[in-house]
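Given next, in structure tokens, is a single chain: the form predicted on its own.
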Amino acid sequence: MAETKKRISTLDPVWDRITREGEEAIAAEPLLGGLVHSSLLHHPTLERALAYRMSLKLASGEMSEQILREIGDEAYAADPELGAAARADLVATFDRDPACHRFLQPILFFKGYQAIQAYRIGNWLWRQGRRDFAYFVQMRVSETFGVDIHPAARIGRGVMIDHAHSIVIGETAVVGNDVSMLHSVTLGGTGKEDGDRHPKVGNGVLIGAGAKILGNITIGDCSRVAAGSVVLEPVAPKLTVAGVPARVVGEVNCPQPSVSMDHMLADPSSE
């Protein structure tokens, strides 16, 4: 057993850190021992822990925890990208969210992280042709976390959804790698049209709270959408847009706004 644990920690430093933090959390707050053991320390890998957490959160009178856990275990075993994305999302949340001080926090407490991992299972089901089950996962994620992501949407690695209240991401939306978005963001359509109708968000984009990006438009790499904006036209890379409707208000003054999390607009009087 000791050799097994050593091999796991050597190959997976993220999981090694999570389990170490779990032991420290129990020492500091023994009343959380049951939660930490059942959610983290009882499992041999991050994938197994995430499958358990998803099943616990999404189970209802309509679908048992056991069935959902088996679905999660099957998905993670079949597609290693799910585990890789979960680790990238975890590190992104730790690096960008000033309220996140330990790796275990998103897994146990942050609904944005939990919702996107559950979406990834739904997306795997969708790609396997199991679309009714994928819709069920979407429904439960929406009901449980207040995050409504269509299972056909495509979302990259290293994505952070902070606060994660009232997030809507449509069926044909694409979200690149290393994107950060805050609460009440919508990536939606503009009417009843069918087909490819949702935004394509590039890598490294920062989307502020309450922003609405509507239609089959491209948001260029490393651009920034200010809070409360309504974006109806494409945005070129490395630009900042703001307003209703959104207009270009300047260039991005950092290499990757999604990582710096700088939402402040330049003061025109200082230019």
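Just so it is clear, the model here is predicted, and its values are computed rather than measured. Residue numbers run from 1 along the displayed sequence.
Omitted here: the form predicted in complex with a small molecule. The next part is about that form.
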Revision key, fill the gap. Testing 71-79, 111-119, 134-142, 181-189 against the small molecule in the predicted bound form with a 4.5 Å heavy atom criterion leaves exactly one stretch, namely 181-189
Study note, to complete from the structure: None of 232, 41, 63, 236 but one has a heavy atom within 4.5 Å of the small molecule in the predicted bound form; the exception is 232
Exercise for review: Name the residue from 214, 26, 242, 222 that puts a heavy atom within 4.5 Å of the small molecule in the predicted bound form.
Suggested key: 214
**Study point:** Interface membership of residue 168, the small molecule in the predicted bound form, 4.5 Å heavy atom rule
**Key:** yes
